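Form predicted on its own, single chain, as structure tokens, below.
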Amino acid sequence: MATVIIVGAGISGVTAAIELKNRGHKAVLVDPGPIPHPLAASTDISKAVRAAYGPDEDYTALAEDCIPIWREWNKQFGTELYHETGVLFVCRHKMRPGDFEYESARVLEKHHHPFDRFDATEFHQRFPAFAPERFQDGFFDPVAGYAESGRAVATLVDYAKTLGVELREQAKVVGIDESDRSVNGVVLENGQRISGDAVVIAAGAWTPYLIPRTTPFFRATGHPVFHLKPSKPELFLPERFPFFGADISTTGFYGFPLNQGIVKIANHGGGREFSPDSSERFVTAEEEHQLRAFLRSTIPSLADDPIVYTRICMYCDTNDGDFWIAPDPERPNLIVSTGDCGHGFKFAPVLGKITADAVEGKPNPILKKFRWRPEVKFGVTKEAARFEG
């Protein structure tokens, strides 16, 4: 049995701690708190759960593995953490090869995953909140939806504690206790050390600041999120307004149905690069202007409704958009589990297993995709990152 220190009690960290504990290790989960941490990407009211991933069949297959487990978690924990409302992807022109929407539908069909195609007339009958004649094509995936992300993290942390995971809350890690070829634990802000046989860094956007030598591979970027209170809530019920991506490759905008009286709209793009602890962490007037322009053209009934809350969702980006779950080649007992690039939460049911396999050095085909890959540096053109919300 090894003592494994997991830094960060977001979705990657807590699922890793649960899996490692179930495998017989001593798991120590360290977080500055409170949990869910108010600045963590996991802390929000919703994250998409979808199998549509353009041409990338690896992520489609992983998501299809996750959805039955999300359903089981609802039963296990006696609460609806996952809402299977379906997801909607639409575009302004007919879907064509190379488009995210076309390639997603092609892969879903190959996987025998059910989805509905529709024409413009049928679309506006089913989803009346969207502007007439705005979108000409798309598809609806009924076997998908969204997770209540903040509640899911809190539930899983409570579950981890019942299993015997040691939670060190109000403990901020500021450094790694390391020698030339290994790590011995972590250093806390108060100068204390926690010793362990291995350390997993699941710190999201804080990773390149906690391990500065990873800055060529990771970038912390902020993306705007808006919560609006609709004046016509009946238009935004899940059956009429599911999670959607609106010509996502072009606009970057996506959103979620009515939840707690709120409609969430967010934007995925290049984002603004800064530390997650930065004073710049706020939604700008320009970002709000872009939101209003999008709503006027696309969801006009929401365009003038009040914004009741905004936040910046921090990504830990990799330049190819893929996760980075791998041991440091120079210090193999230091495992980095990050690079979620705004699309990691849906994979909560399998993230812990993948990270635990990386800790134990067990073979797992997907780890080849998520390997330590120093050639993937910023400044080199790569495909656009995925999105989640």
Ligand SMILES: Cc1cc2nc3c(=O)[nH]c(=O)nc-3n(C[C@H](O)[C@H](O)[C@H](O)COP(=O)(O)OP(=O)(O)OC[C@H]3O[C@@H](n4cnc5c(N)ncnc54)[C@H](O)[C@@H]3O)c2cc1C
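Every value quoted in this text rests on a predicted model; they were computed, and no experiment measured them. All residue numbers refer to positions in the sequence shown, first residue = 1.
This protein has a second form, the form predicted in complex with the ligand, left out of what is shown; the following refers to that one.
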Exactly one listed stretch (123 to 131, 217 to 225, 177 to 185, 90 to 98) reaches within 4.5 angstroms of the ligand in the model of the complex by non-hydrogen atoms, and it is 217 to 225
With the partner omitted here, the residue among 245, 204, 196, 257 that in the model of the complex has a heavy atom within 4.5 Å of the ligand is 204
The one residue among 303, 235, 143, 171 placing a heavy atom within 4.5 Å of the ligand in the model of the complex is 171
In the model of the complex, does residue 7 have a heavy atom within 4.5 Å of the ligand? yes
Practice item. Check whether residue 165 has any heavy atom within 4.5 Å of a heavy atom of the ligand in the model of the complex, and answer yes or no. Key: no
* Asked: Would residue 59 show up as a contact with the ligand in the model of the complex if we use heavy atoms at 4.5 Å?
  -> no
Check residue 11 for me: does it contact the ligand in the model of the complex (non-hydrogen atoms, 4.5 angstroms)?
yes
Within 26 to 43, the residues having any heavy atom within 4.5 Å of the ligand in the model of the complex are 30, 31, 32, 37, 40, 41, 42
